[in-house]
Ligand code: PXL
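Take a look at this one chain, the form predicted on its own, written out in structure tokens.
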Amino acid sequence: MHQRVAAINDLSGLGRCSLTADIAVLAAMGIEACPLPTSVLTAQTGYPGYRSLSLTDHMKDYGDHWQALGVSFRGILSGYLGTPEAAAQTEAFLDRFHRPGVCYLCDPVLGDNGHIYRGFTKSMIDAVKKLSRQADLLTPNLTEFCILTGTDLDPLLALEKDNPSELFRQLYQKSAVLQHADLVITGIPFSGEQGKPMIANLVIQHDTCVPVCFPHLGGSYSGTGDLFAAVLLAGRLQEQTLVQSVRLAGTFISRGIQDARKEQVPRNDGINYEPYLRLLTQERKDPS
């Protein structure tokens, strides 16, 4: 069955992230990506001297035209929005197109490594929180989870090495305020057996809490969150379990990171995911 996803994100010329990543993943998994760009950038914001053109004033035109054409979607994905106005336009889009049977994945891009992203004001945080309350599937990193739930990050970080089981338990407990959505808390560092650095993606749904863990390969690369979110939404539309989709996304991204590290790719350039899109294609069900 032909399926469409409206992908609301920025378009960056460099960095292998945002819409570039969304479109590649969705296409590989057999889903039509319908991009709704919030802005166009010469390069993602980690590059010095990038240029940006806001398309916020044109976002309503997309909704108007698509609605006039009678277009519908099986999924909606939102990522980096940048301004409260773009978040408000996203909310207006949801009012039109987020219907029963349509899965809205909100990647609440707000911060990382304990810090809110540069230039994000309280009004921006409030706007993203409002969007997150409409989500069917949420993919915050640990910092963003703490922002959304009003949780102090520092005590959680103290548990990473000494007691990861307690860390996961507390995250599950604090996730109750987001119980309207299936939740994946991404990129949680912790120490595994014999102190081995690990990364967990904590899947919380239906009163269950399952950590899906991978070796911590080191480094922080542009676009990995976008790739992860797109795989999860496509997996949901293909009726994979959320744990299956998280494992697939983690394997796919790990291979891209390993390749990027081998070639010493700068973090701003993103990971070498393109050769491994075949992993996602192999997961597609036979359309017959």
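Numbers follow the displayed sequence, beginning with 1. Keep in mind it's a predicted model, so treat the numbers as computed, not measured.
A second form of this protein, the form predicted together with this ligand, is not displayed here; the remarks below concern that form.
The chain is drawn here without this ligand; in the predicted bound form, the stretch among 24-32, 64-72, 44-52, 252-260 whose residues come within 4.5 Å of it by any heavy atom is 44-52.
Using a 4.5 angstroms limit between non-hydrogen atoms, residue 172 is distant from this ligand in the predicted bound form. In the predicted bound form, residue 235 stays away from this ligand, with no heavy atom inside 4.5 Å.
This ligand is not shown here, and in the predicted bound form it never comes within 4.5 Å of any heavy atom of residue 280. When contacts are judged by a 4.5 Å heavy atom cut-off, residue 109 counts as touching this ligand in the predicted bound form. For the options 168, 80, 93, 190, the residue carrying a heavy atom within 4.5 angstroms of this ligand in the predicted bound form is 80. Using a 4.5 Å cut-off on any heavy atom, the residues of 215-238 that reach this ligand in the predicted bound form are, in sequence order, 223, 226.
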